[in-house]
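Here you get one chain, nothing else, as structure tokens; it is the form predicted on its own.
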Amino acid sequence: MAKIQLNGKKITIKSKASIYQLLKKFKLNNKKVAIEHNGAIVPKSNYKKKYLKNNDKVEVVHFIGGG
């Protein structure tokens, strides 16, 4: 298990979980979010390739339409 910080909250996830798996676990649509991993924006094409480890910091930003 790995302990990470997700949007300021400490959570525990499976070791070697990808960003894609994290989004799936929390039922987040990967087409409507932007991910920052340890201070760097992660391109959507890397969500399945970027693996999380202990003490990582992840910020998930949701896009919301409005007028």
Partner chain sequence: MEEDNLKKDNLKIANIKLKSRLIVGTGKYKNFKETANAIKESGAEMVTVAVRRINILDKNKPILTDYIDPKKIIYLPNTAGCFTSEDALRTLRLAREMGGWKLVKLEVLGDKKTLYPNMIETVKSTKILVKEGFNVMVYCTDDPLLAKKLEDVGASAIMPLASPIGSGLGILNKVNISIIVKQSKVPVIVDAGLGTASDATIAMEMGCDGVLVNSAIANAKNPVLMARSFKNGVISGRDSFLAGRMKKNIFATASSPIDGLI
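Residue numbers count along the first chain shown, from 1. Everything quoted here is computed from the prediction, not taken from an experiment.
Not on display, but discussed next: the form predicted together with the partner chain.
In the model of the complex, no heavy atom of Met1 sits within 4.5 Å of the partner chain. Taking non-hydrogen atoms only, Asp56 never approaches the partner chain to within 4.5 angstroms in the model of the complex. Taking non-hydrogen atoms only, Lys16 never approaches the partner chain to within 4.5 angstroms in the model of the complex. The partner chain in the model of the complex is approached by Lys44, whose closest heavy atom lies within 4.5 angstroms of it. Contacts to the partner chain in the model of the complex (heavy atom within 4.5 Å) from stretch 12-35: Phe26, Lys27, Leu28, Lys31, Lys32, Val33, Ala34, Ile35.
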